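Take a look at this one chain, the form predicted on its own, written out in structure tokens.
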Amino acid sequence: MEFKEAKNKFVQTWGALGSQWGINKTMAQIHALLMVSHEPVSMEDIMEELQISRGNASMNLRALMDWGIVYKEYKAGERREFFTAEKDLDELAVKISRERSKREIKPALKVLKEVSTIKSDGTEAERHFVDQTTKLYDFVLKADNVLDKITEYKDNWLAKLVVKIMK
């Protein structure tokens, strides 16, 4: 397999996986392209490589920057904007985990807390509903707390040591 073919296969596969992770295919493809590029890439080059419109590229680059995993770079003498992706895979995982928690887990926790604290008139169906949603809330909260602890490891020397040992 030649380099160009391998790169294209990676970008297409990463795009397909992205839709399973809750982001759109184009956003994942742009991220993949930037992640494997050895130097910053212009929006025009992204558009050409992925065959997407300026609006599509711009919208998805903005979203990736909002996630904190793509950065805008400037080159002296260039009017065009260039973009690069986070290359540190540990940092990338931390940023994605934090963003997904903020966008998905925290709102789910809010709803679970709200629905599990309804006033029950004592029927079996209501008691069962409150019991199950309370258990689900507790489970999701524990999972979110574990995720928070894992993503805080970069600030904690002991956690860094544990992660290093696990590698």
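In this text, residue numbers run from 1 along the sequence as written. Bear in mind the structure is a predicted one, so any value in this text is a computation, not a measurement.
There is another form of the same protein, the form predicted in complex with the DNA; it is not shown, and what comes next is about it.
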With a cut-off of 4.5 Å between heavy atoms, is residue 90 one of the residues that contacts the DNA in the model of the complex?
no
With a cut-off of 4.5 Å between heavy atoms, is residue 26 one of the residues that contacts the DNA in the model of the complex?
yes
Taking heavy atoms only, is residue 135 within 4.5 angstroms of the DNA in the model of the complex?
no
Using a 4.5 Å heavy atom cut-off, state whether residue 72 contacts the DNA in the model of the complex.
yes
Given that the partner is absent here, state which listed stretch (125-133, 32-40, 100-108, 49-57) has heavy atoms within 4.5 Å of the DNA in the model of the complex.
49-57
Going by heavy atoms, what in 60-82 lies within 4.5 angstroms of the DNA in the model of the complex?
60, 62, 72, 79, 80, 81
